[in-house]
Structure formats: structure tokens, C-alpha cells
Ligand code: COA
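Only one chain comes next, encoded as C-alpha cells, the form predicted on its own.
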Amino acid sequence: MTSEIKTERHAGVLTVTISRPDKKNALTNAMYGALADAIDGASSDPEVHVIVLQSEGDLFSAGNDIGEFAARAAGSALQERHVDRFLRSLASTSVPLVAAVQGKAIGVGATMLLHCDYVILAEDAQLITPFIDLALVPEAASSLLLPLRIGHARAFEMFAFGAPLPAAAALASGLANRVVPNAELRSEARRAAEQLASKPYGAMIAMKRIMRDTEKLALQIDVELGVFAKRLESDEAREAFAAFREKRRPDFTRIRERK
């Protein structure tokens, strides 16, 4: 397991910590693999009753590592893409997921929260889904889950404009359970996780299974990943990542894609 993903188990709670604060907790292929391993391991471990997802530093996650995105857009393919396995693990696990989110949660940092069962936001948290700005499409079954949660109009706005959604608005929209002061974030996540872990576990996982159509989520993830891969090879994506590298605004006006 990469050192940028830390795990700790105590009293039935597995705490998984994203620890790459110097790179804004951007997720690499190796980190996705470690996250998938942690979730899959917990799903088969009868001693783990709850998983807590948290991160170190000032923000939850900047999303996928842009350098790896740019490399794929330039034609460099990874032998094994662990992000696919991570997304499927999130969607399929029957273990309750608690998320503790501070600062910005960008891209997959935001969409992964749609698979969490109890989401606690710090007061400075912001959810940001800038897929269109990168000439990409949403992932993690968020194209299905976000409209179901907040309605098509607001989901379209979040995806199309990519504007930050502050913690209070996320709470009001039904994307979070609680908003707490930053200093209380981890203690509140721990309290909630321990309370959930004390419940009858068989009943808890049975409830989660009947609340989620995992087959439908898996199909949506597959559809999204297929479109996402094509978008990474597009002229628009190449321009978006070139502009990022060159620290300039992208110019899509001369690109005439219609698919």
C-alpha cells in the first residue's frame, strides 16, 4: 500500500486517510489502488463495521492527479487503471461509509461522497465538479446519483458551470448530513462511526444493500468510464491539459467537436 493512503482500525472502525497534502491530496493510480484494497478488505472483514474516509491538510482532495490525466490525453496508457476498481468498490461495498470533508473536494473528491452513507462537512468545505471545464464527463455514477439527489437542474448546473458549492448549500441540498466547525470534524466523524459500529451489523448491511441498486450503479460506472476514456483522447481535452501545463486559459473556439 502506498504511504499516501494510511489506514487504522479500532473498535470496528477502519479509518482511511488520504495523505498527500503537498499535492492537494490529488489521487494517483497507486493511491486509487490502495483505496480499493482498503475498501475491499473491509468488505470481507467481519471485524470492520464502518469505514471513515478523511484526508490530511487544508482540503479533502483535488481529485485525479492532473499529470496522469494529461499523460493519458497524450496517449500514454497505464497497464492497470486502479480508479476503475476504486469506483466499483465504492459502489458495491455493504460496509457503511462515513466521510469527513474539509476545504475543497474537487472532481472525484466530490463525486465519491455520493457513495458515502454519512457525510460530515467542515464549515469551509466546498464541493466542486469541474469535469466540463476539463473537456471530460462526470464519473463514479455521479451522472445518475447527483440528479437523483438534488434534481436535474441543480445537478446540470454543478456539472456544467463547475462553481463551488459551499458546505451550507450542500447540506441544504441533501448532499451532507452535518456541517461542523473545522476543529470538530474528525471527532464528529469518529463519534458517528463508533455509534454506527455499535448497531446490529447484520441489519445495518442488509439495510444498505436494499437501499442501493449496485447493479445499476455498476452499469452507469461502465458507461461513464467508456465516455470518459474517449473524452480524454479528444482535441478538447488535449487543449484543456495543454492550457493547464502552460498556465493559460484554454481556447476551445476553434475545436468543432459534436460527439
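The model shown is predicted, which means the values in this text are computed figures rather than measured ones. Each residue number is its position in the shown sequence, starting from 1.
FYI, the form predicted in complex with coenzyme A isn't displayed, but the following is about it.
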query = From the list 232, 51, 31, 62, which entry has a heavy atom within 4.5 Å of coenzyme A in the model of the complex?
reply = 62
ask   = Exactly one of 205, 227, 197, 66 has a non-hydrogen atom within 4.5 Å of coenzyme A in the model of the complex; which residue is it?
value = 66
is_contact(residue 130, coenzyme A) in the model of the complex, heavy atom dist at most 4.5 Å = yes
request  = Report whether the minimum heavy atom distance between residue 247 and coenzyme A in the model of the complex is within 4.5 Å.
outcome  = yes
request  = Would you check, heavy atoms only and a 4.5 Å threshold, whether residue 26 touches coenzyme A in the model of the complex?
outcome  = yes
ask   = Within a 4.5 Å heavy atom cut-off, is residue 251 in contact with coenzyme A in the model of the complex?
value = no
note = With a 4.5 Å heavy atom cut-off to coenzyme A in the model of the complex, the contacting stretch among 182 to 190, 142 to 150, 99 to 107, 116 to 124 is 99 to 107
